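A single chain, nothing else alongside it, follows as structure tokens in the form predicted alone.
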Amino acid sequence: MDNLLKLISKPDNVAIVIMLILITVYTVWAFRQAIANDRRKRLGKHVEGSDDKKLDTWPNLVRIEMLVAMVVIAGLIVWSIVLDAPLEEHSNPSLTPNPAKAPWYFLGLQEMLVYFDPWIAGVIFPILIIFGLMAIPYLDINPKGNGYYTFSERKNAILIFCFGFLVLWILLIVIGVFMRGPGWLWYWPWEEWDHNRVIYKVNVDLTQYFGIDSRSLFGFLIGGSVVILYFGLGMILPYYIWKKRNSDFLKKLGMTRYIILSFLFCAMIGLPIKIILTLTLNMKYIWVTPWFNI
């Protein structure tokens, strides 16, 4: 437990702890508001923000923003007085820190390097994240939920966002901050770090489980078939399921938007699948190619 207190009180990690507290508070608050609005709507009561009523920016918005800015500035002043800035000495090539951790906002990417090829974790996934965020306004055809909290009217969008943000981003940052020690080995937050600890693991590729060299032509074809099959089934099966249940939704969405949406969703779900395979089966790569590995 002493190690956990050291991690939490470390100046580098105080901001992470505050971020986790704020994310938890506002996530719970947003869900409470959404559930309350859904209950009011079922009872036939008015839901504030669900109409086209407009409010003036002054003083309704500016006054709140001014108060929040004052509170934040006061908090930063107190923070800077109480805690010293986590500045370190100039880099010394003969004394490398262990563990060498990236800034907290890149720790999710650094953690993904454990499970993915650097080209995938450092280039492809960040591009898909940026592209997906940019594409949301064009992929979202549900007009409900604008200006008011609701869960029943936007279940899929809210659950997918929470999974992507809280699990695939915030959780990876938490793991990188509190659960990765010397050698980037896994330590529970209450465990003491041991710089002499060594773990022997043999990571194998998918085809090697069947005695096939993953870098051979046969291994290349098998790995590629598995990846193509995953994306193919992940994009085709939901289409026919939705077509039977709600064909009007697919007509409004259109084939182009459906292909982009289903591809991004399969890529997002593929990340935790690969993490689970690595942690449970020590699987390194599913598909090995001369250019990249998945």
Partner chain sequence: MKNPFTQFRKSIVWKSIFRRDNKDTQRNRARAISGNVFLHFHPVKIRESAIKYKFTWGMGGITFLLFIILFVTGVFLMFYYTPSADQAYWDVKDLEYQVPFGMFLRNLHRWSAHLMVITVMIHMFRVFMTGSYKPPRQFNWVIGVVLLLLTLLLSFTGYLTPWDQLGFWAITVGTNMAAAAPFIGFEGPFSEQIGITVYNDIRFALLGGSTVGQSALLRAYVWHCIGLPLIALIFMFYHFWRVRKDGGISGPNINNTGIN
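All figures in this text were calculated on a predicted structure; none of them were measured in a lab. So that the term is clear: the rigid core is the largest set of C-alpha atoms that superpose within 1.5 Å between two forms. Residue numbers count along the first chain shown, from 1.
If you look for the form predicted together with the partner chain, you will not find it shown, but the lines that follow are about it.
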**Message:** Checking a candidate spot here: are Y26, V47 and Q110 all in contact with the partner chain in the predicted complex (at least one heavy atom each within 4.5 Å)?
**Reply:** yes
**Message:** in the predicted complex, does G122 come within 4.5 Å of the partner chain, counting heavy atoms only?
**Reply:** yes
**Asked** Even though the partner chain is not shown here, does P182 get within 4.5 Å of it in the predicted complex, heavy atoms only?
**Response** no
**Message:** I'd like to know whether I170 contacts the partner chain in the predicted complex, with contact meaning heavy atoms within 4.5 angstroms.
**Reply:** yes
**Asked** Would N92 count as a contact of the partner chain in the predicted complex, using a 4.5 angstroms cut-off between non-hydrogen atoms?
**Response** yes
**Item:** Contact assignment for the partner chain in the predicted complex, among F218, W188, F210, Y138, heavy atom within 4.5 Å
**Value:** Y138
**Candidate from V68, L43, I236, M255 lying within 4.5 Å of the partner chain in the predicted complex - any heavy atom** = V68
**Message:** Given a 4.5 Å cut-off on heavy atoms, tell me which of 194 to 202, 174 to 182, 97 to 105, 219 to 227 is the interface stretch with the partner chain in the predicted complex.
**Reply:** 97 to 105
**Prompt:** Looking at the partner chain in the predicted complex, which residues in 77 to 91 have at least one heavy atom within 4.5 Å of it?
**Reply:** I77, W79, S80, I81, L83, D84, A85, P86, L87, E88, E89, H90, S91
**Request:** Classify R63 as shifted (yes) or not shifted (no) between the shown form and the other one, where shifted means its C-alpha moves by 2 Å or more with the rigid core superposed.
**Result:** yes
**Request:** Answer yes if the Cα of L95 shifts by 2 angstroms or more between the shown form and the other one on a rigid-core superposition, and no otherwise.
**Result:** yes
